[in-house]
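Only one chain comes next, encoded as structure tokens, the form predicted alone.
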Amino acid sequence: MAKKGGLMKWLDERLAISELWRVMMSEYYLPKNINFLWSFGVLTMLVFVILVVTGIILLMYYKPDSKLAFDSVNKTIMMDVSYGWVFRHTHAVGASIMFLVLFIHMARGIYYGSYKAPREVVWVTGFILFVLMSATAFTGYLLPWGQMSYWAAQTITTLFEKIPFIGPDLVIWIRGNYIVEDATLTRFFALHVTLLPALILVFTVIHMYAVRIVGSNNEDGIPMTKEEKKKNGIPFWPVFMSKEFFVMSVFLLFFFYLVFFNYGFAMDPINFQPANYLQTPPHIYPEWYFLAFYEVLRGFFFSETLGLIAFVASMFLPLFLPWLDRSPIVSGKHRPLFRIMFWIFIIDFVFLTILGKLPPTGLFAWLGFIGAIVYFIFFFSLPIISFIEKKQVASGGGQQ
């Protein structure tokens, strides 16, 4: 950093700003053999900042009241507030793009084995962030009080009734009533704008700290000592961040193209109808980023209990990847069998997402069941793949 004087020197003496900058930025080294996919962590933070800024502006005009919420969004913000439509579109597109970036970020971590020792804490804190962002998106989806968001909330909260003993009471506690209504909106609003963003902020700091302690993974999954990173790596600031700024610039061009010219993908047309307690939509579905998990739930159409168990498992199985995959080989680049299963998993996830928006009848119902089974096969095949690869390494036929 530049030589400090006056206020900066006074702050540095009390808060060790230069030391923090050194540890987190200028003397944090990354391996050279990483590709542009490593930029998606920074892109996640960028989109989160966009969501916070636009959310604060929308908060100034939004009314968390079941009688006023719909008009406050679709009339006041969209028509009466200067450039209100820009902030609303940016926030809606940001929520969708956040999950696109997150899915790519997590897929990169899975492919290159970024969940393996010593990065288990990095993976766990990242997964907690995914869950918190999912909860934030779910609570935020209800706030416009549109027809689809209302019935999606009604359907998803009903799932908790299947929990033994406490299920029915838990649903009433979540909703604040027997159905989704004004109390539910108030509760979801409070969670969406206070507790959940605060928790995301806390776990982001923990996640970044964990990454700084163990260092970033690389394409080959080869561990590097601090000395090796310093000698052969690149400093996070300014070298790596200069590349990040380029990636962010390209990303923002794509992002604002969607905001101004193709925002409809993030805003369901049915949601431009006010919530109607008495009229159920012919086909209820959540936002696109939940469709794969929703289809796993629907895939077990012959048993609601099995469907609920499968739904919860599909959401939380990725958390246990460090313990399911015990292979000594880290990167998917050097794991042919794992690589095949990984790409089958990715294709299946996209397949489930497409099916999730289709009516769960006839052939679609059975395709959903098959897709759900394939989803679980990936995770439960990892111990078998690990065993095979351990034997290969022991016999000298594998690469660590």
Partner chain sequence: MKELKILLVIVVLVLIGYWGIEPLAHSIMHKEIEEAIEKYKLPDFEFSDLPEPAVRTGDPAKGKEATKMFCTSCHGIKVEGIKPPMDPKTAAASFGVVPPDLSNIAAVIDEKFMINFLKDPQKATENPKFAMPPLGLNDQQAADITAYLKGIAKKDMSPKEKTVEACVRCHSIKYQKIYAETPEENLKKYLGKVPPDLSIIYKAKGEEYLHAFINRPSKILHGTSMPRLGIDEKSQHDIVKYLDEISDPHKEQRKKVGLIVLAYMLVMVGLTYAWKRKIWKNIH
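Residue numbers count along the first chain shown, from 1. Fair warning: this is a prediction, and the values are worked out from it, not measured in the lab.
Another form, the form predicted together with the partner chain, is not on view; read the next lines as being about it.
TODO: Please pick, from S66, T54, S331, T353, the one residue with any non-hydrogen atom lying within 4.5 angstroms of the partner chain in the predicted bound form.
DONE: Selected residue: T353.
- [ ] State the residue from F245, W173, Y209, F302 whose non-hydrogen atoms include one within 4.5 Å of the partner chain in the predicted bound form.
- [x] The residue from F245, W173, Y209, F302 that makes the contact is F245.
Task: Y83, V250 and Q273 all contacting the partner chain in the predicted bound form, non-hydrogen atom within 4.5 Å - done: Yes, because Y83, V250 and Q273 each have a heavy atom that approaches the partner chain to within 4.5 Å in the predicted bound form.
Open item on the list: Would you classify D71 as touching the partner chain in the predicted bound form, given a 4.5 Å non-hydrogen atom cut-off?
Closed with: Looking in the predicted bound form, residue contacts with the partner chain include D71, since a heavy atom lies within 4.5 Å.
Open item on the list: If we define contact as a non-hydrogen atom of the residue within 4.5 angstroms of the partner, is W288 a contact of the partner chain in the predicted bound form?
Closed with: Answer yes; at least one heavy atom of W288 falls within 4.5 Å of the partner chain in the predicted bound form.
- [ ] Indicate whether R339 is a 4.5 Å heavy atom neighbour of the partner chain in the predicted bound form.
- [x] R339 lies outside the contact set for the partner chain.
Task: the partner chain contact at S26 in the predicted bound form, heavy atom, 4.5 Å - done: S26: no, not in contact with the partner chain in the predicted bound form.
Open item on the list: Can you tell me which of 179 to 187, 195 to 203, 312 to 320, 280 to 288 lies within 4.5 Å of the partner chain in the predicted bound form, counting heavy atoms only?
Closed with: This holds for exactly one stretch, 280 to 288.
Task: Residues of 129 to 154 having any heavy atom within 4.5 Å of the partner chain in the predicted bound form, listed in sequence order - done: Read in sequence order, no residue approaches the partner chain (within 4.5 Å, in the predicted bound form).
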